[in-house]
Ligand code: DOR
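This document opens with one chain alone, in structure tokens, the form predicted alone.
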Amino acid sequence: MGRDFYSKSFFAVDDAKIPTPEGVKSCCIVVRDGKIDGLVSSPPASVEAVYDAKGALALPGLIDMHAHLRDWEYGYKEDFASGTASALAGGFTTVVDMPNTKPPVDTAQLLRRRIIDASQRIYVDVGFYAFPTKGLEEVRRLAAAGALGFKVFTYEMSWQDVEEVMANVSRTSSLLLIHAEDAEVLERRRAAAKKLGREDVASHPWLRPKKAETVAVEKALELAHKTGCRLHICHVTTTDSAHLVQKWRQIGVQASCEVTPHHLMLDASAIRRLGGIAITNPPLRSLREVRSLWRCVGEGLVDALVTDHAPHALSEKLVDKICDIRPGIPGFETALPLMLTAAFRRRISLSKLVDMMCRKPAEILGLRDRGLLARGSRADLVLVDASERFRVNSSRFLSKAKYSPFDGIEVVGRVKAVFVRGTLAFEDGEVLVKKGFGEVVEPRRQELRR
């Protein structure tokens, strides 16, 4: 069916099931010129063609505001083509790329180069973050060059430097994302580990304790309050972190936070079973903490669900010493089926899943044209066979990372088709568009503060 739909500008997706707060409803989605023209009961007679969804679950195109597409000198791990093909297969139509590349994206010149390189090879829409570590003028240049936001790792900086970065980013009205772990807490654990000879993989959660995260989250929120910086906390793993964000929001701090499927679906016992395959930063926590984190999701304390797609070569994961393992888990092709499985087990509602993977990321990023199935929104659509059960098989990933801590786990909900801007870009496991079909996501322009 797919090839026939490539050039259609006015069509309907019929017999789709749309999740709403009131339950799943049958619907026909009318698409005109790349945008949703309406949600109706049956296809209008005037459409050029009708795509039969066959009762599939229809979601807005997923938005991943935390991903690592690698490329450049890390192209052996992932590149723009393989990463965005993987994203497409997972139902993501917009992803935002982290700047810890090689070389790192910390100047406007490098950002412009990355945008040019990506635009020739991406299959889905991609935005770019940058490092704001070279002073106010470079931060301004990066914002003007198209940075969708900025990112820092707090354990790589002093808090004085973090405060300066926040003040600079706030002057561009941009978003600052932080990986929140405190350097002093981590250093004390590293020193203790050296004395105790704890270099084994199972020591990873002990080496990066919850306290490192919560101390950093609290300090970052205090500085955001002081500087007026708009702050997003990446991959929270503790309930304390989520409650801290809520506490500071209530006194006026513009703050949000995210969680990953792997921090919700795995606990620290996976490290003992899988070794380096399950190593990520921040680390997997105890089963008790995972259950508490789910409660935070249910209470609305966590804004977004992200993949933190972080592929590495398998050889970089299968080593014995924790200091030699590259942290990160590939997540594009497992995130949606994992979360749909959780939804069908009533751990999260379908409407909240859509909210956290579509609407809220769009809102945080200022992308007003996507994230919703509503008239006038971009026709980014994902059709999922919610009845199909299958086992995760990383050997079939379109990502270069052919491994997963979820290998062999039974999940429900296979992505059957993905429309990007009204074009059928993926169907039944096949990418239907050419490299370069994806567009670079531009930030919503705002007045720079003096």
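We number the residues from 1 along the sequence you see. Just so it is clear, the model here is predicted, and its values are computed rather than measured.
Note that the form predicted in complex with this ligand isn't included here; everything after this is about it.
Figure note: of the listed segments 241 to 249, 290 to 298, 275 to 283, 82 to 90, the one touching this ligand in the model of the complex, with heavy atoms no more than 4.5 Å away, is 275 to 283. Here is the short version: of Ser377, Asn100, Ser256, Ser170, the single residue with a heavy atom within 4.5 Å of this ligand in the model of the complex is Asn100. Residue-level contacts in the model of the complex: of Arg189, Lys352, Arg230, His179, one residue has a heavy atom within 4.5 Å of this ligand, and it is His179. Put simply, Ala310 is close to this ligand in the model of the complex: some heavy atom of it is within 4.5 Å.
This ligand is not drawn, but in the model of the complex it has no heavy atom within 4.5 Å of Gly366. None of the heavy atoms of Trp72 is located within 4.5 Å of this ligand in the model of the complex. Contact check for Gly146: every heavy atom lies farther than 4.5 Å from this ligand in the model of the complex. Using a 4.5 angstroms heavy atom cutoff to this ligand in the model of the complex, all of His68, Tyr155 and Gly328 count as contacting. Although this ligand is not shown here, in the model of the complex the stretch 390 to 411 places no heavy atom of any residue within 4.5 Å of it.
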